[in-house]
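Read the single chain below, which is given as structure tokens and is the form predicted alone.
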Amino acid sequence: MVHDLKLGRSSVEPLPPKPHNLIPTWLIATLVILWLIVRDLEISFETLVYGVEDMAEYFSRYGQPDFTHLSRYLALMGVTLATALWGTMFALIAAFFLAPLAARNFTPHPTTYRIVREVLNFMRAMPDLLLALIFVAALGLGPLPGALALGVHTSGFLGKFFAESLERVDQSVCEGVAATGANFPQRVMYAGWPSILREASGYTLYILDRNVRMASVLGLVGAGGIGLALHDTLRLFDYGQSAALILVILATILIIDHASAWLRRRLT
């Protein structure tokens, strides 16, 4: 240090270069993306401005909710909740059996892994509304088509979530169970599921939360529940009952959302 001072030099390391200011870059990128959105979606701001008054007038029609038939609304909401619950149960059972076959470290054969992965991809690719329309045409109106549509679609999501969680299981745990002579089902039950139980519970609650929302929408295509009643009141321009039904749906979704969030915090 003294020698360096005698030579007129400092031993202190120079400061690193000042970071580049990326705000202009991000601003330009954002403007470009917004321009692409406006161009591709053919958004007309003039039409939007002129339509504000019409939208305000339309939404004002929902200003007087009619709760005369509240008990019926709650009963229909119960049907919607049952649709979501049984759809989630269907998805959970299907994912429970399919996920180990779609996990690289548990599947008994690579061909089985690839086939089950594609099955899960197909389930996820089929929209709820399309499945509901198919099941309504095959089985008729009611909550059963809605539960089946939700179950098939969300089986693909739960199966993928569970499979990827199983692939992250510590290999030493799997090898320890396999060393006892355990077969495929025993390795899954004693090494796989116990290791991801909390994670799987969180995913299942998320799917249930999501299915409650979708069950209300599926009623619009004849899958029963409160959505079907909402469709009928909208078709008859009964805005008072429509507003009451919408408020019942919103209140139920808020309660389910807070309850599932509380349960997820308890599980983690």
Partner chain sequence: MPTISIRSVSKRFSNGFEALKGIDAEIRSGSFTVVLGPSGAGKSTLLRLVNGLETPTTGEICIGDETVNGRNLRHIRSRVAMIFQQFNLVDRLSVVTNVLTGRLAHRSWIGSVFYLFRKEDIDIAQEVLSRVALTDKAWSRADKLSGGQQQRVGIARALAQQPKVILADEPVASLDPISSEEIMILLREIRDQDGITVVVNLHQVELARRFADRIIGMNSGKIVFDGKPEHMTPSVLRTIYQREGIEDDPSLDMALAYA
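Everything numeric in this text was worked out from a predicted model, so none of it was measured. Residue numbers count along the first chain shown, from 1.
A second form of this protein, the form predicted in complex with the partner chain, is not displayed here; the remarks below concern that form.
- The chain is drawn here without the partner chain; in the predicted complex, the stretch among 180-188, 150-158, 68-76, 102-110 whose residues come within 4.5 Å of it by any heavy atom is 180-188.
- None of the heavy atoms of Arg114 is located within 4.5 Å of the partner chain in the predicted complex.
- Looking at Asn121, you'd find every heavy atom of it more than 4.5 angstroms from the partner chain in the predicted complex.
- Using a 4.5 Å cutoff between non-hydrogen atoms, Pro194 counts as a contact of the partner chain in the predicted complex.
- When the partner chain is considered in the predicted complex, Arg168 lies well away from it, no heavy atom lying within 4.5 Å.
- Of the candidates Leu141, Leu85, Ile134, Val173, Val173 is the one whose heavy atoms come within 4.5 Å of the partner chain in the predicted complex; the others do not.
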